[in-house]
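We begin with a single chain expressed as structure tokens, specifically the form predicted alone.
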């Protein structure tokens, strides 16, 4: 009998030719810049050399202090009494604050109230900050908070979604999207099925933990250096807790060591606490969380428990469906309303649901408040319909891919979502057919079926799953961005925009956009920190919108300056506008040619403004929540993945043998960065569905609170044969920045192909006649339980 270790040696092939070709292109175009070329990340060299500066790497400011917080030991309790006398007299302590010391707002909820900066007489999860200290060292601050004596009156805690549903315990009211009469359609269909699934949450596990430094200014203001995806929100909340105007708070964010949504809203509390302590001590204060504290005190991807009832015909075409998504929001609203909405929006994934009812419940539990995570609820919503596809296929004895193809969005009579948005420019069928052919899906399916017939212990599985992901913030006002561009007299360019760089290559892409406008070398474009005094009122860098929004804003600013240069050239040299051309770092004016630097100096001497702001707002989007109708998304990003796995039915151990991905990114601004984003998103999505397990005990304490008890994918978990390709000659037909498409979030959901392939391998035990129940994460234990259940049901 072959072991899985032996099997790993099979199917190991040469590196993906598409990805490798992209890397070769990158080597050949270093320094060229411009849109459509592979250009390495602007901080790559510094990051590899360890020279990139993050917030915690900044040199200590004069008199800098260090913060820590006292945390709740109960999931739900009233604070009866609190003795902080020993904390105040502890070595190195200079200040101790409670919520009573907050001069301004005490609630820092990002959308709805419910997030006190420090506990307000009651605690609602284990780890909730109750008080804060500033001390002369990080270690002394952490030691001091342990000296507090707090008396609690313990209250009943809600720790499961089922309990929250039974008690109707919600952070926001339930919401339903509906089209047609789903109940009647289900009843009238030839076949009916029902099912449910538990979809686990996910820890962000960014390399750089939460950290902020607050520095008092001479005018009673505050400078904040923070690892945040949303500097403007940090600015607003710091101003509110200090009760000062926004123009007295400056937030500076050069780069993050990862965010994934975990630093969209949940970077703000630590900045606010640091600012409160700095305001009292009149000294700079740094607040950084240890890894354990970070995992305990910050929210995760929302766990969901979803269920469905579906009616379908003998071919497997859905006639009616009811879906309920139940999100574990934790103790407060945070972003849960919008996240659950997006789960509802994406409950169709790539499939036409004619008569459909989708309901979302936002369950309040006594755990840390869950928050944004790559995909923002979309992945949890998609899981239900992908389960439906597999379940229908097993029920009527067809290949799941055939059922998926039958139910895809199609032509005029099958191209409107359950929230009444038309699916335009639909390439799903073509994309899937192309991938099925390039990956040899049908031949491999047949080979795998034969393998499973002749192997009693090892079983293989294969699955092809698509993704249709809506691009835009579903909160309309967030779909805007600003930028600031300067040209200096030596021809170099300074760029500042409202987005934040967290490793995804946003700054590199925006620099390429500006370089493209002026047709100059991208290396002449320098980008400074995201700063609230340069570009105000920014939206978070989230929802895969970073390049779409900020790229357009930067382009607008650059075009304004470019037009000024053209107008100046026409006036000074008496030429027509069509005789002024920007080419290869030069400006051609009639029969004269100037270097870009030379002409910048001439324009300056001619008193031409070489600085401009730019602004962009996404067109066409709208949604009437009361009616459940509208166009919440500017466009849809699409992709598909084929994954092949092998499982050991005696142990539940498994391995992903091969994955083929085809992703539509429109006209790619930077193919190398896009492919890197796709690879990373897939692995992160695969980890969410297979290895990354959050565990709370019966008291509501997080047990998986460090890298030893929480397993993210390692290199050995990646597919042995990993192939990534971009759809060619497919510019976005909506007017996006250079007709590109978003790439940050959509490929994350391609990890569902691994989950579906695991189910395919397990189903082979029943000769593909039954669909296994496989909750996520599909750890080896859960795979083994599903195998045993399948064996029992097949007897």
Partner chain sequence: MKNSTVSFLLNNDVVTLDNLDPNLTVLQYLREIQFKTGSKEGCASGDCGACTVVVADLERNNPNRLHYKSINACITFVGNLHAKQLITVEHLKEGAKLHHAQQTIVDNHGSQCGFCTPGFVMSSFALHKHNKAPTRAQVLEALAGNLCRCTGYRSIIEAAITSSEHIEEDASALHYQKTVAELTTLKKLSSPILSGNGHKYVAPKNINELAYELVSEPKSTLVAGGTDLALSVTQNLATINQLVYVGNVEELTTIEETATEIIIGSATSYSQFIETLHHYYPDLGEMIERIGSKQIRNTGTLGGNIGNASPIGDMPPALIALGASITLHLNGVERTILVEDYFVDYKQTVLQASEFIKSVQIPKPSNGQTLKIYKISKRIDDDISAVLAAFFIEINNEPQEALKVANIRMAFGGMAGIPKRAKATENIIIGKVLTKEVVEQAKTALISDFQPMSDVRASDKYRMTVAQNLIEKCYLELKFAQESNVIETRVVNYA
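Note that the structure is predicted; figures quoted are calculated from it, not measured. Numbering follows the first chain given and starts at 1.
Omitted from view is the form predicted together with its partner chain, to which the following refers.
Checklist line | Contact of residue 712 with its partner chain in the model of the complex (heavy atom, 4.5 Å) | finding: Heavy-atom contact with its partner chain at 4.5 Å: present for residue 712.
Check: With the cut-off set at 4.5 Å between non-hydrogen atoms, does residue 47 touch its partner chain in the model of the complex?
Finding: It does: once its partner chain is placed as it appears in the model of the complex, residue 47 has a heavy atom within 4.5 Å of it.
Notebook entry, point to check: If you check in the model of the complex, is residue 56 within 4.5 Å of its partner chain, heavy atoms only?
Noted result: Residue 56: yes, in contact with its partner chain in the model of the complex.
Notebook entry, point to check: Is residue 786 one of the residues lying within 4.5 Å of its partner chain in the model of the complex, judged by heavy atom distances?
Noted result: No.
Next item on the list: Select, from the options 312-320, 123-131, 717-725, 382-390, the stretch whose residues sit within 4.5 angstroms of its partner chain in the model of the complex by heavy atom distance.
Entry: Looking at the partner contacts, the answer comes out as 717-725.
Note to self: I have 220, 242 and 773 flagged as a candidate spot, so tell me whether each of them has a non-hydrogen atom within 4.5 Å of its partner chain in the model of the complex.
What the structure shows: No, none of 220, 242 and 773 comes within 4.5 Å of its partner chain in the model of the complex.
Item checked: its partner chain: the contacting residue among 191, 444, 142, 486 in the model of the complex [heavy atom, 4.5 Å] -> Among 191, 444, 142, 486, a heavy atom within 4.5 Å of its partner chain in the model of the complex occurs only for 142.
Checklist line | Single option in 365, 511, 471, 256 placed near its partner chain in the model of the complex, where near means a heavy atom within 4.5 Å | finding: Selected option: 256.
Check: So which residues in 489-509, when you check its partner chain in the model of the complex, have a heavy atom no farther than 4.5 Å from it?
Finding: Heavy-atom contacts to its partner chain in the model of the complex: 502, 503.
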